[in-house]
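So here's one chain in two forms, each on its own in structure tokens, numbered structure 1 and structure 2.
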Structure 1
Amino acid sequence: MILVILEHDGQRLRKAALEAISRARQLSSLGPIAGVVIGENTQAVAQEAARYLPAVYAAEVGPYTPEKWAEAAHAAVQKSGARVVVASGGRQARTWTARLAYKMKAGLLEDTLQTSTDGQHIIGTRYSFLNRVTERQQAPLPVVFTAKPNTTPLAEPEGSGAVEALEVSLPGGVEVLERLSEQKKGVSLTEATVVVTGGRGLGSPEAFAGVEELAGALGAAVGATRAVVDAGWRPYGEQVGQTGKTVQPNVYIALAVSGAVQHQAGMNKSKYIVAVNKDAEAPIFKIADYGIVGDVHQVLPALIEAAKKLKD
């Protein structure tokens, strides 16, 4: 049995959940697949998940804590008899998957790009050394592994499965007193197929109006470098890089981004990279597929105009 932990926003499955389902299907030789939706008001999301999986558990545990998620996932493992658990990669997953692996006495493979099995092990590949090296790892069953976002085709519906409520004995010790959510407009950075990122070379926070306009014309997400975030120009949720988010869109447009190795770690596996920088020796040009050496304040309006023409 394979169990998929289904990431959601409280209303619908996230793109990463559909990628995790695809990964589970690739390992179907190990047995049937079930899913579990963990959180608050899970029934609607569980019903959506039943279009993709034959069996779905709905675990009502309240607001997120790593302890609750690990306990709920473990309850689903015990209920289903799963020996493989698949979850979406990312910062939140890192806070509870190790706990789950410990409870299961299982191996843990994080942020895998691809996974396969020989019947006794899960073999996974992942990036290492700032995404410059690909490692191949394996762990004997049972195994918990996470799928790096934007590396797997999205699963398609396959019918209508059954939803079952899952009773979870919640651990004590942690209580959520308040939760603040960032009000993010537009496309999610980690789910976007196109990302437009602005760097410190833009010169001011006001210059990001052009970045937002280009992103809007392309249906893209807005990203930022650490220097921009540290300066208070943009929120941390938009930071791309080693200490921010890792993205792997079809197109990554870097505007006035020098491309230090720490930033490259968060975007250098994008399918196509387009860079605009006035410094012809900027590191970003070493990994860019297309580059424009010029003043971003002159190039950006032309890019916006061209994007709008494409949209029309």
Structure 2
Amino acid sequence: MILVILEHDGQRLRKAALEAISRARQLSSLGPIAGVVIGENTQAVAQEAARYLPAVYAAEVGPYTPEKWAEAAHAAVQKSGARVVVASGGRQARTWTARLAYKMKAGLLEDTLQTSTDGQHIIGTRYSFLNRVTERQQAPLPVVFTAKPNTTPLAEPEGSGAVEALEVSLPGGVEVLERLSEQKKGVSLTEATVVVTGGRGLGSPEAFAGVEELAGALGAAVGATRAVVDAGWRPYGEQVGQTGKTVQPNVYIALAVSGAVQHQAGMNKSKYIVAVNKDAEAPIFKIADYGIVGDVHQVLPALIEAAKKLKD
């Protein structure tokens, strides 16, 4: 039996949940698949999930804590007898899946790009060493793994399943006092096919007007480096890198970004990398496909013009 933890926003399944279902289906030689919806409004979301899976548990546990999620997932594991658990790999999932793996005495494969089975093990591919190395890992069943977002085709509905409420004894210890949501505007950074990132070399928060204009002309999302976020020029939600978001767009345009390894960890798998930097020795040029060696204050307005002309 395989158990999929289905991510949702309280109303609908997220895309990541459909990716996780696809991952589970790829392992169907290991047995049937069940799903679990954890959190709030789980009955309604589980009804949607039942269009994809033969059996769906709904664990109504209230707002997120890693303890509750791990406990609910574990209850579903015990109920279903699952020996493989598939979850999507955001920050939160990578916290509670570690708790779950420990409860199950299972091997944990984190942030996998691909997964397969030989009947006894799960074999997963993933990045390591700040996204520089690609490695294949293997663990004997039972296994918990997380699937890196945007790596797997979305599952299509298939049959119709049954929904069952799941009783979970709720662990305490953490009380949520305040939620601080991120204001989102424009294209989602992690899903964008074009990303335009500004670095400290832009010199001021005002200069980001140009970055936004170029992004607008290209239908791109805006990214930022840590230097820029630390300076308070841009919100943390836009940061790309080791401690920010990981992106893998068709083209990543880095404007006045030096290209520190911690930044590269969030963007080095982009299909094409473009850099504008006045320093020809900047590390970003070593991983760039195209670049302009020049002053961003002169090049950026010209780029905006050229991009707008292209659209007309």
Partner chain sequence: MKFIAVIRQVPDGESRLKIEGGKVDLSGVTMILDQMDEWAVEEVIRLQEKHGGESVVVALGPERFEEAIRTALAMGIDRAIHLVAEGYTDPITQAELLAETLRAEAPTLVFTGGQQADWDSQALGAAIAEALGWPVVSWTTQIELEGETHAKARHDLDEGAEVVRVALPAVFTSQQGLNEPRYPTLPGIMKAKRKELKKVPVSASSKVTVLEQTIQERTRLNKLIDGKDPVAAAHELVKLLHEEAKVI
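Along the sequence of structure 1, residues get numbers from 1 upward. Since this is a predicted model, take the numbers as computed values, not measurements. Take the two forms, superpose them, and find the largest set of C-alpha atoms that agree within 1.5 Å; that set is the rigid core.
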Only one of these is the form predicted alone, so let me know which.
1
Using the rigid core as the reference frame, would you say P66 shifts its C-alpha by 2 Å or more between structures 1 and 2?
no
Rigid core superposed, CA of A215 - does it shift 2 Å or more between structures 1 and 2?
yes
Please say whether, between structures 1 and 2, the C-alpha of E206 moves by 2 Å or more once the core is aligned.
yes
Quick one: how many Å does the C-alpha of K278 shift between structures 1 and 2 once the rigid core is superposed?
3.9
